[in-house]
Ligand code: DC
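What follows is a single chain, given as structure tokens, in the form predicted on its own.
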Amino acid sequence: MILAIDGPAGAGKSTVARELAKHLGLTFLDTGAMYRAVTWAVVERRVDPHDEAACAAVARSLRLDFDAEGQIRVDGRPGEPAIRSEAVTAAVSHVSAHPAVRRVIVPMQREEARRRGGVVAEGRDVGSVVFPAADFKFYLDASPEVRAERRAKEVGRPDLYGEFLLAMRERDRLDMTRADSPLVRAEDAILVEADHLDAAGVVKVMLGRVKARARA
């Protein structure tokens, strides 16, 4: 089974996908972590994030896989928490927007799903591009204001709410307007609005959909 979850940055996709994978006995596939891993290498090697050819060369040079906990490894090294750094976050939208980079990473994602025999995958183009024939597709959404508020609370810095809000809106703009594989809701994806739901509530909604189809 392949279950795809797309949505904007900060909507809680990774948390929800991990929990769904546990409930369904599937592997969690963090597609965004793969692009962050490439970006981490780009930053480390001081490559220009706007240089498509150079970024694609970096992507081709990397060996990406996942440990038993679903954490990404880069050439055998743990990618966490380095791939979540501010430098990586600032550059990942530019690196992941390059078609040449995506042509390297998407086949890796498909191969991982094939090798695992099924995954719960989350990202921005998982249901629309990577796994268009996924068994289940969800689009997890939340307003930029709610996502920024949650992020500020998560890091214990309510004073940074305005900064996070601007960052969320800019990330959405970049993700939704990139030429290759933009963030969109697949036509057959089930919309889940998370403004008034916590992660457990979202998981309950999605599991309900999966179980309902299984009973049908």
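Start at 1 with the first residue shown and count on from there. None of the values given here were measured: they were computed from a predicted structure.
One more form of this protein, predicted in complex with this ligand, exists but is not displayed; see below.
Asker: Is there a non-hydrogen atom of residue 36 within 4.5 angstroms of a non-hydrogen atom of this ligand in the model of the complex?
Answerer: Result yes; residue 36 sits at the interface with this ligand in the model of the complex.
Asker: Verify the contact flag for residue 137: yes if a non-hydrogen atom of it lies within 4.5 Å of a non-hydrogen atom of this ligand in the model of the complex, no if not.
Answerer: No, no contact at 4.5 Å.
Asker: Even though the partner isn't displayed, in the model of the complex is residue 84 close enough to this ligand, meaning a heavy atom within 4.5 Å?
Answerer: Because a heavy atom of residue 84 falls inside 4.5 Å of this ligand in the model of the complex, the answer is yes.
Asker: With the cut-off set at 4.5 Å between non-hydrogen atoms, does residue 93 touch this ligand in the model of the complex?
Answerer: Yes - in the model of the complex, heavy atoms of residue 93 and this ligand come within 4.5 Å of each other.
Asker: So which of 150, 178, 185, 169 reaches within 4.5 angstroms of this ligand in the model of the complex, heavy atom to heavy atom?
Answerer: Spelling it out, the residue with a heavy atom inside the cut-off is 178.
Asker: Heavy atoms within 4.5 Å of this ligand in the model of the complex: which stretch among 42-50, 158-166, 57-65, 24-32?
Answerer: After filtering at 4.5 Å, what remains is 24-32.
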